[in-house]
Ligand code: 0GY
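The chain below stands alone and is given in structure tokens; this is the form predicted on its own.
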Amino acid sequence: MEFTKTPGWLDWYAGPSKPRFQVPPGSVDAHCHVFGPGHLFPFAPERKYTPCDASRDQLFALRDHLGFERNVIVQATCHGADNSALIDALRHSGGKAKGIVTVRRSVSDAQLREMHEAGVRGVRFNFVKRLVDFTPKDELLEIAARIAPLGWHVVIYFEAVDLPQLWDFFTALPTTVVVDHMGRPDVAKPVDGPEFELFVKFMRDHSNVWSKVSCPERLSVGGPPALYGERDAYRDVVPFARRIVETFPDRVLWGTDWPHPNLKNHMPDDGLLVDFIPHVAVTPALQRKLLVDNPMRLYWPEGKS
């Protein structure tokens, strides 16, 4: 089957620089995706966008280039609830990848167990209105209750302005809850302003809530770097990510978000994104928690298997 990429959306950058920052041994890229290839793993009919292909082998090559040891692959909305491409990547990872899937109420217990054996450790609930259609909260709560006995967690993707109306639902979830990209704060607003304070309170009041401090290229309002390889980009995001890392050092994760879907204004250099890490986790101890200890505790609690 042939797929045509959504007009105006960029392909991932194929020539990433080698990071200056050397990640600790055993580091995990805890948020990335695989797309297709479309002729093998077709995109969902109900998708809101069509990405370019981004295969498992290309992801694993980037992992090695950046110095990471493992990946956590997250199902993207363009594949809907067909997790075939993700499961295929897990099964070809040599035990170096875990997965976060999207499922519907109709998923069977046998299918959940099969995904668990492949390396799936959670489900993603997406509340970004421009990316997905609304799923009834009772269906999501039912799914969350069914995955809890497997030891899985829920990943939630939402935008900061929607947190007040989603608060009661999020706090009712019976699992660990991992927030994508700090809940997409508006970094033009103060880091100590009421909007971000609400997110900090969300994490402070609920010890089961974790956050990824990823995607500065999506959050920055300072514009893209002038040149690939520029090391001083996305600094307006630093105070937000650093606050979360330093306030909740045992409940933070980081990921590249490769292949960076839905970007129209610029495509980041993944080497530059790695060099963002020491600005938000400023000590070796915090870097190790962010990149090794926390993701291993969440995704590989059994150790290195």
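Start at 1 with the first residue shown and count on from there. Source: prediction; values computed, not measured.
Although not depicted, the form predicted together with the named molecule is the subject of the following passage.
Answer option from K201, R218, K129, H92, heavy atom within 4.5 Å of the named molecule in the model of the complex = Spelling it out, the residue with a heavy atom inside the cut-off is R218.
Answer with one of Y157, F196, F170, W210: the residue that has a non-hydrogen atom within 4.5 Å of the named molecule in the model of the complex.
-> Filtering the options by heavy-atom distance leaves Y157.
With a 4.5 Å heavy atom cut-off, would you call R121 a contact of the named molecule in the model of the complex?
-> R121 lies outside the contact set for the named molecule.
Applying a 4.5 Å heavy atom distance criterion, does G38 contact the named molecule in the model of the complex?
-> No, no contact at 4.5 Å.
Any chance A76 has a heavy atom within 4.5 Å of the named molecule in the model of the complex?
-> A76: contacts the named molecule in the model of the complex.
Do N262 and the named molecule share at least one heavy atom pair within 4.5 Å in the model of the complex?
-> Because a heavy atom of N262 falls inside 4.5 Å of the named molecule in the model of the complex, the answer is yes.
May I ask whether F21, R70 and D275 each come within 4.5 Å of the named molecule in the model of the complex, counting any non-hydrogen atom?
-> Contact check failed for every one of F21, R70 and D275.
With the named molecule left out here, work out from 160-168, 103-111, 186-194, 76-84 which stretch has heavy atoms within 4.5 Å of it in the model of the complex.
-> In short, 76-84.
Pull the contact list for 2-33: residues with a heavy atom within 4.5 Å of the named molecule in the model of the complex, in sequence order.
-> Read in sequence order, the residues that approach the named molecule (within 4.5 Å, in the model of the complex) are H31, H33.
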